[in-house]
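Following this are structure 1 and structure 2, which are two forms of one protein chain, each written alone as structure tokens.
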Structure 1
Amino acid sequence: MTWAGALGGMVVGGATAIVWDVVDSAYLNTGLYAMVPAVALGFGAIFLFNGLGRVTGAMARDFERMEAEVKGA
């Protein structure tokens, strides 16, 4: 993921959580909890905006070794 994807997901997900109840009660009447569309649209926004930033790559998952390196530094 890139910084642009993270930012897009954050803004779109947060905004959806806020406006969902208003939009749903006015137009959709699904009764779905706001978190569900917020996470779904947030994911979509990550993929949509991801191309605007530079990919930083995944980090290693050898957590105990990584922690030992930090503490030993």
Structure 2
Amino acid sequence: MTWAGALGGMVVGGATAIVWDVVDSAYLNTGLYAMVPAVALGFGAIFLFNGLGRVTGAMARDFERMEAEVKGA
């Protein structure tokens, strides 16, 4: 995950968790717990915004190291 994906997920998920109760009670009336749509929309935002950031050399090395660790285990 890039910085853009992480930031997008945090902002969208956090905003959804805060605003959901008001929107749900005023318009949707689902009674759904706010964390459910917040997590779903947060994951969606991660995938949407992830391409806006770039992978650094340190990120690539960390990923390769973890991949080698998982394959070795």
Partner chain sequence: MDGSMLGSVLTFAVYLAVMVGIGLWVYRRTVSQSDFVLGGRQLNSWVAGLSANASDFSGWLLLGLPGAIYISGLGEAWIAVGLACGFAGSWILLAPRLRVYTERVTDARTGGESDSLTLSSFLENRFNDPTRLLRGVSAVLIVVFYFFYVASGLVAMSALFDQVFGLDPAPAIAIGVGIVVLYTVLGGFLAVSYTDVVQAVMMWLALLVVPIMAVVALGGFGGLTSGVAEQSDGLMSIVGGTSFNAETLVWESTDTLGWVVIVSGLAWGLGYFGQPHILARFMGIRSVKDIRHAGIVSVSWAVTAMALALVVGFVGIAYFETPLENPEQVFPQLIEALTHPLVAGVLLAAILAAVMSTADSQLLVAASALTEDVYRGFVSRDADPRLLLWISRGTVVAVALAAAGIALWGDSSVMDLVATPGRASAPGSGRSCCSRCSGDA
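Numbering for residues begins at 1 and runs along the sequence of structure 1. Just so you know, these numbers come straight off a predicted model, no measurement behind them. Throughout, rigid core stands for the largest set of C-alpha atoms superposing within 1.5 Å between the two forms.
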### Of the two forms shown alone, the one predicted together with its partner chain
1
### Query
After fitting the rigid core, is the C-alpha of Gly57 off by 2 Å or more between structures 1 and 2?
yes
### Query
With the core lined up, does the C-alpha of Leu7 move 2 Å or more between structures 1 and 2?
no
### Query
Taking the rigid core as the frame, how far in Å does the Cα of Met66 move between structures 1 and 2?
10.1
